[in-house]
Each structure stands twice: as C-alpha cells, then as structure tokens.
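One chain comes next, on its own, written as structure tokens: the form predicted alone.
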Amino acid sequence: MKALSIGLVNLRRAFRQRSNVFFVFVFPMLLILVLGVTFGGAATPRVGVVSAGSGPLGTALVRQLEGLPHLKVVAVGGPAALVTDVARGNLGAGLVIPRGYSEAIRGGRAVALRYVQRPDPSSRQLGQAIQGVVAAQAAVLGAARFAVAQHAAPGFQAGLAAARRAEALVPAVTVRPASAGTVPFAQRVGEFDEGAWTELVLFLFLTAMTGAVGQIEVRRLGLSRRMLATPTPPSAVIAGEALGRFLVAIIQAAVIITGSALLFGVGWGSPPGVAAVVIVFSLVAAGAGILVGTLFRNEQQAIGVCLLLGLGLGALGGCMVPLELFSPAMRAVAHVTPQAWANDAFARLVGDGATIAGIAPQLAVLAGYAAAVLALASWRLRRVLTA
C-alpha cells in the first residue's frame, strides 16, 4: 500500500509541470506526423484533380487516372485550394483540367493542363504516371483529328469513335514488375506506422531516463530519508519509485498508441502482443531511469547524461533509422540494446501481422533486460538510501 502511494505521488509530480505534458504526449505525436509526411511512402498516393466544366473528355481523363493502380484521385473545388492542399502535404500532387477542355479539343485548339507538385521525388514520380495517362488520351485525340482531316470521318465525334475502335485493336504492352531482394514486411505498412512504433520506443525510454532528475531532487531535499524515518521499509520506497516510472510509461504509451491510431490511422496489430511489449519495455525503462538516478548527486549532471543515453541508445536501437537499413554487422551491434528488440517486436506485430506467440523471443529478451536492470537498480537505490 505504501509503495502504491509513493508511486502515485511520483506520477502526479511527473505531470505537474506543463512542459512534461508537452514532451511526454504532444512532442512524440508531432514527430510521428513529421516522419510520416516526410519519409512515409507506403500509403496510397493522393492526387487532387480540378475538372469542373471540363466536359466529357475531361471526365474521361479523370476516369483514366482513377484506373491507375495504387493511386487515389480526389476531387478538388478549384486551383487555389489544390495548390494549398499540395503545399500542406494533404495531397501528393494535383492536376488542373481547364474549363472548356472538351470544346477546345473538338475545335482543334491546343490545351495546356496544369500540374501542381511539391519539390520532392514522390511528386515527380506521380507526374510521370499522370503524364503517361495524358499522353495516352492525347494519342487517341490526335488519331481522331487525323481521321477528320483525311475525311475518313464526318466529324470529330465520329473520328473519336473510330480512333477508340482502332485503339482496342492495337496489341497491348504488358510490364510485369519483379522485386529484387527480400520484402522487409509481409503486409502493407502504413505511412505513419513505422514512425509511430519507433517514436514510442524512443520516448518511453527517454521519458524514464529524464525522470531520474526527479528522483535526485527527492533525495537532495531529504524526502527519502524522511520516508525511511517512518515505518516505511526501503523495499517499499524502491517499489514505489519503480511503480511511479512504470505508470508514467504506461500512460504515455496508451496516449501515443490511441492518438496515433485515431489521428493517423496507425494499425498496431495484435492488442495482446502490443500490451506485452509495452509492459515489458516499460519495466526496462523504469529500471534504467532508477539506476541512472542513483549515480549522480545533482540534476545538472544527470540531465545531460540521461539525454545522451536515451537518444544514443535509441539511435543505435533503430528508433531514428530503421533497422532494415542497417548492415548485418551493425544490426548485430544494435541488438545489444533493448530498443532494437522492442522495435523487432513491433515490426513483427505491425509489419508481419504476428500474434503474441510470434514475438515470444523478443519478449523473452526484454524480460531478461527488465529483470537484470530492475535488480541492479534496486540494489543500487537501497545502498544510496541506507548509506
């Protein structure tokens, strides 16, 4: 009961400062958004199209665009709104089909289509796909004009019908894509998915590490000795400190997982598996935070080392660069850290659709880390409190 009271006090102390609320909850969500928009390429690209008043040929062009695989066409009200949505990243690119498009084509006039893109490779790739669709329609329209010019058709509509019949007789060229190497994930991973689980692992550990500053403050103010002066054994104080950090990590994980699922559509996979990884890794983080808090006498010394260890181990463990991009030797080195095993577990859950049984090796390693770190932190904290 005393351990629970101490843990709840530590929990309230952690969220009493507004800056802690920002860095524990808001900042991770912002990073997930930035990483997903900047590097997430697995989601279906969205192309905005302005085609109001373009006529039947404009509608036909939109339908051809909608027929492209792995592309979603979104209708936009006007050119200004299209430019805004592309600039904000809501759309990957945009196409403006001007008013009177059909009439201009039938009248033999040239028509310019406006393509809106961002200065990044994905927008340029979308431009190539859209250019191919426009070129395909232009070829048919050119054939229709040729039929009218050569008096093989009485009018443009008849020439267009003849050109489409001829197009159906032309042998199609089929391109069959083949993947070289191995696919990193068995199932499709969303735009924000990998960024969400890596940031979760990074901030669970980083928050627990920076929580060591509060532990040092409690010890510096003599609160720990006052607790020991009451009928409170050192084991209750140690358990309360560990419980407080564990509760902070669990609440942080719940907010990040729920928020990323609702705001960004992140699919976390098997709920029991996700809960198991979060619980075991939170125990590792709590033990590491307590251990670091026993090694320093003032907050200034601790905060720098905590940030260095939290960010450094996170980078080495694949929280900043995906483990799939590591070389085999570097990947083996990365698995010295618990972050790498947690990232592996989430990759199996999200990317491969594994259940809790499928991540048993990762859970076993993380449980070993938790037992070792908590035991060492408890021994060290007992010595500091009773010295």
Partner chain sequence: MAPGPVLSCEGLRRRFGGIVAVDGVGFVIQAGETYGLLGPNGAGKTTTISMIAGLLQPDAGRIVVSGEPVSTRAVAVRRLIGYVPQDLAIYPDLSARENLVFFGRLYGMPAARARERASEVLELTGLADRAGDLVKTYSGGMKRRLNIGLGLLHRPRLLILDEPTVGVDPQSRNAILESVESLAGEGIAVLYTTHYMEEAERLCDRVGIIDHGALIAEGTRDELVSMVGGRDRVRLLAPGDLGAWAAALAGREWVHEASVTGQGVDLMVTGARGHLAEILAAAAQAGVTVRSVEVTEPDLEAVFLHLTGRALRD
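Residue numbers count along the first chain shown, from 1. Quick caveat, the model's predicted, so the values are computed rather than measured.
There is another form of the same protein, the form predicted in complex with the partner chain; it is not shown, and what comes next is about it.
Asker: Let me test this: is every residue among I6, G222 and R226 within 4.5 Å of the partner chain in the predicted complex, going by heavy atom positions?
Answerer: Result yes, every residue of the spot touches the partner chain.
Asker: Report the stretch among 151-159, 276-284, 298-306, 213-221 that approaches the partner chain in the predicted complex to within 4.5 Å, counting heavy atoms only.
Answerer: Correct option: 213-221.
Asker: With a cut-off of 4.5 Å between heavy atoms, is G312 one of the residues that contacts the partner chain in the predicted complex?
Answerer: The answer is no: G312 has no heavy atom within 4.5 Å of the partner chain.
Asker: Is S19 near the partner chain? Define near as a heavy atom within 4.5 Å, in the predicted complex.
Answerer: No - in the predicted complex, heavy atoms of S19 and the partner chain never come within 4.5 Å of each other.
Asker: Closest heavy atom of Q131 to the partner chain in the predicted complex, within 4.5 Å or not?
Answerer: Judged by the heavy-atom cut-off of 4.5 Å, Q131 is well away from the partner chain in the predicted complex.
Asker: May I ask you to state whether T230 is within 4.5 Å of the partner chain in the predicted complex, using heavy atom distances?
Answerer: T230 belongs to the contact set for the partner chain.
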